[in-house]
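Take a look at this single chain in structure tokens; it is the form predicted alone.
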């Protein structure tokens, strides 16, 4: 049965296991890895229980923990499950045990520091996604940086120092802006309610002037676009993805990048609906540039890991495009793309790591994989097909919904005489799918086919690796074939968000538009 204890256990469990690791003194023992995996599987079991039991209309109090933390400042330890974070909770809980299973035999997995960093990162990510208090959200948003920074710096490649510092500095700049927005919202709450309060349920109902909305929107959007990343805030991505250890790369691309998209859904649009609607075409333009720019760069890459890194830049552009089209179909598509891209890109990076574990650096020249390791080749091809949005895969469902909503939004603006920009952007975004098919299928041809070299002896996927990838592929297939049971869990949240945006558009269309607007909350009022 769902209750607040389930949510609290989901958050506490990885942190508790991280605290157990230091007292384990066995050097070179497999026990720390087993303990870590048990903790991650426990989190996954709780997450699946919540996901299956959540139907979109579940009483929020059943899945929320709300305890005063710094009561005088309105900071509560408030974690809760809702339609906006239900997918991200599942994605995060799923990726960590998969990553550990795929890196089980690496030298890193023998280090308790490595295992502890993974558990702390899982706690921080879950805290970010489940937070229902803005200050708590910011604390976890920052906390995620620390284990990832140490992971890159300690276990990364030759240029790990530069990669770690670049990653840290870029994200810190966004964090400073976000902190300024958090403080400003707290001050607004103090002025309007008479007390400090950072609860989202309170902040969503504040009457923010256009000037305040503008500042908060710009600060939040910049922080989120850096985190995604989206052009032109992506400069940290190639080096960080390339130099990070396999676990870091898979988690950055699969889960951490989704923090930016979540921030747009949780903060930017609900807190600043008036400015969000006004600046939506600009953000859409940046998203489409990111789609095309990432795709062109991926086409030029010969290195497999760099190709997937730039393809991630392109796919994150689709998520941002769908969010700011402000249509139900496009936001549903963005939420599906968060899941689809999360499992597909993590799967691709982990597959490359399995090849590197077997062949070393020479895997970059590998071809004829379908002959050497057919199970590995089939699994890799399924992730590639999801990335190119083949029908009956999750990639097709998500990108179709995003583009369908984009055309809806573009035609609405065109019919009201607001220009062609959005419609042209969506048409250009469609070409990104063609470019994506080009570079991903070229990648598949290069690595899967060719003349086999009899001197290469390579083991196929073992049982542990096969089991690890099964849930990722299940998500790809389920969302591709039967998305409705998953979609319904976010339906109420999406309806409330789009109703808020639609109401703002109607207000802006009136001859006399006020400079302040009541911000819709959980009830959409």
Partner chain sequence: MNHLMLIPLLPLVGFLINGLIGSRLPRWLVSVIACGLPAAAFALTIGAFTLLRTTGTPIAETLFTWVGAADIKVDVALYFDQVSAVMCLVVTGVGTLIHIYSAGYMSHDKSFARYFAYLNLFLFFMLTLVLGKNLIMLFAGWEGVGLASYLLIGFWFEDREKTNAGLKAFVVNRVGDTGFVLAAFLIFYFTKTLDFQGINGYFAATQPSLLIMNTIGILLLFGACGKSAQIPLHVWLPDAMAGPTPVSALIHAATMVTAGVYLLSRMSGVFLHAPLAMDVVAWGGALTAFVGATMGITQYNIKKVLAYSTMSQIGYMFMACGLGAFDAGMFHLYTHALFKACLFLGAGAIIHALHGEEDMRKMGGLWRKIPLTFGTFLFASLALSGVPPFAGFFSKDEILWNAWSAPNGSPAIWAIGWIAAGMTAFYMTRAIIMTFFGESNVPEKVEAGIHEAPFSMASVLVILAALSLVGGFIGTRFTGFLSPVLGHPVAEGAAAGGMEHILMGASVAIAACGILLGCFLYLGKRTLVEKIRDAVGPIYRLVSNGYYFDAFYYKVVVRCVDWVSESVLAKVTETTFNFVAIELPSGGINMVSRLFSSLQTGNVQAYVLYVLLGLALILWWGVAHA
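Numbering follows the first chain given and starts at 1. Just so we're clear, the structure is a prediction, and the values are computed from it rather than from any experiment.
The protein also exists as the form predicted together with its partner chain; that form is not presented, and the subsequent description refers to it.
Heavy atom of residue 157 within 4.5 Å of its partner chain in the predicted complex: No, residue 157 is distant from the partner.
Contact label in the predicted complex: residue 236 to its partner chain, heavy atom within 4.5 Å: Judged by the heavy-atom cut-off of 4.5 Å, residue 236 is in contact with its partner chain in the predicted complex.
Its partner chain contact in the predicted complex: residue 327, any heavy atom under 4.5 Å: Judged by the heavy-atom cut-off of 4.5 Å, residue 327 is in contact with its partner chain in the predicted complex.
Interface membership of residue 471, its partner chain in the predicted complex, 4.5 Å heavy atom rule: Heavy-atom contact with its partner chain at 4.5 Å: absent for residue 471.
Options 397-405, 78-86, 255-263, 104-112; stretch whose heavy atom lies within 4.5 Å of its partner chain in the predicted complex: Selected stretch: 397-405.
Residues 12, 65 and 141 all lining its partner chain in the predicted complex, heavy atom within 4.5 Å: No, none of the three is in contact.
Option touching its partner chain, based on a heavy atom within 4.5 Å in the predicted complex, out of 359, 187, 390, 71: Result of the distance check: 390.
Contacting member of 445, 364, 161, 207, with respect to its partner chain in the predicted complex [4.5 Å, heavy atom]: Residue within 4.5 Å of the partner: 445.
Heavy atom within 4.5 Å of its partner chain in the predicted complex - qualifying residues of 156-188: Heavy-atom contacts to its partner chain in the predicted complex: 162, 166, 170.
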